[in-house]
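Single chain ahead, by itself, as structure tokens, in the form predicted on its own.
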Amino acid sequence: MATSDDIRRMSDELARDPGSRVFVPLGDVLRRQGQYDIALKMALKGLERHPHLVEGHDLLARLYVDRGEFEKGFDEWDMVLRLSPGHLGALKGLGFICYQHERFADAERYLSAAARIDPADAEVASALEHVQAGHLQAARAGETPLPASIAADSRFLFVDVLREDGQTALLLDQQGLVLAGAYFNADGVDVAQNVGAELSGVTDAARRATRHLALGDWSSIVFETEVAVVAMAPAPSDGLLVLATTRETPLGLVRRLLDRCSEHAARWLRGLI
């Protein structure tokens, strides 16, 4: 973090040499301090002298976004990509703006490109999950189709079956690993792997219980929790299909949805989808 001495030093350098590129780090410090107007004037003057400076356009884009001027911010980050294709900050910024305006397909495109550049970037991975959750909700509402890049993702296998908010399904293998489906929590984060880990071994436990009670092979289980109705059914190769709906969902509809998800999963496993 820049100290007051750092700010004074950069300010003095810019005063001595108005053409210095120090306007970029100085402007960023002022931006972080909330001095947007001063930083904006500095960035604009700096870019008059250095019109092709990538870092200058990136700074200007951030300032515009901080001021709520998203269209201008978009244009500046677009300029950054023209000057420096693959600029990580610009890709993330454009993805953010598109997400804010519910342009989920564009947001997914920019953020996927960012993820390819830096696969270890947790911020990008989290943003992608939020974007895909938003796109899933829009698709369920019939507002927009899923783009091919998302539709091909096995996490969205059940999007054509489950159209209402609060409905989600997972296809798990014998060890509880997620084969398909997603479970987005209230923050838009996919927690399917955690859910799968908690449910590992359920299929074997259900089989042992029904055999012990001489009930034959188990076909489905439906139970209510404090926040949802959950239904489970066996899947091929000792897997497990899990369906969750809201508590208001009639049990008859829960069973129909479970059957439809089971059929959908079976077709997917046979390579028919």
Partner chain sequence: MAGVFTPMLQAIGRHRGVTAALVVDERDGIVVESHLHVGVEEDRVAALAASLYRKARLSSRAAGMGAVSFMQLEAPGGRLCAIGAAELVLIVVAQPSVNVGLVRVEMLRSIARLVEAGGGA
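Numbering follows the first chain given and starts at 1. These numbers come from a predicted model, not from an experiment. Take the two forms, find the largest set of C-alpha atoms that superpose within 1.5 Å, and that set is the rigid core.
This protein has a second form, the form predicted together with its partner chain, left out of what is shown; the following refers to that one.
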Review point. Is there a non-hydrogen atom of residue 216 within 4.5 angstroms of a non-hydrogen atom of its partner chain in the model of the complex?
Key: yes
Practice item. May I ask you to state whether residue 251 is within 4.5 Å of its partner chain in the model of the complex, using heavy atom distances? Key: yes
**Study point:** 4.5 angstroms heavy atom contact with its partner chain in the model of the complex for residue 220
**Key:** yes
Check your understanding: Is residue 237 close to its partner chain in the model of the complex, meaning a heavy atom pair under 4.5 Å apart or at it?
Key -> no
Exercise for review: Kindly confirm or deny that 30, 82 and 97 each have some heavy atom within 4.5 angstroms of its partner chain in the model of the complex.
Suggested key: no
Practice item. Answer with one of 105, 179, 127, 199: the residue that has a non-hydrogen atom within 4.5 Å of its partner chain in the model of the complex. Key: 199
Revision key, fill the gap. The one option of 40, 206, 233, 53 with any heavy atom within 4.5 Å of its partner chain in the model of the complex is 206
Revision key, fill the gap. Partner contact check in the model of the complex: of 22 to 30, 58 to 66, 222 to 230, 42 to 50, the stretch with a heavy atom within 4.5 Å of its partner chain is 222 to 230
**Study point:** residue 68 C-alpha shift between the shown form and the other one of 2 Å or more, rigid core reference
**Key:** no
Point to revise | residue 256: Cα shift of 2 Å or greater between the shown form and the other one (core-aligned) | key: yes
Review point. Hey, does residue 216 budge by 2 Å or more at the Cα between the shown form and the other one once the core is superposed?
Key: yes
Practice item. Regarding residue 125 and residue 227, go with closer or farther for their CA spacing in the model of the complex versus this form, the difference being 3 Å or more. Key: farther
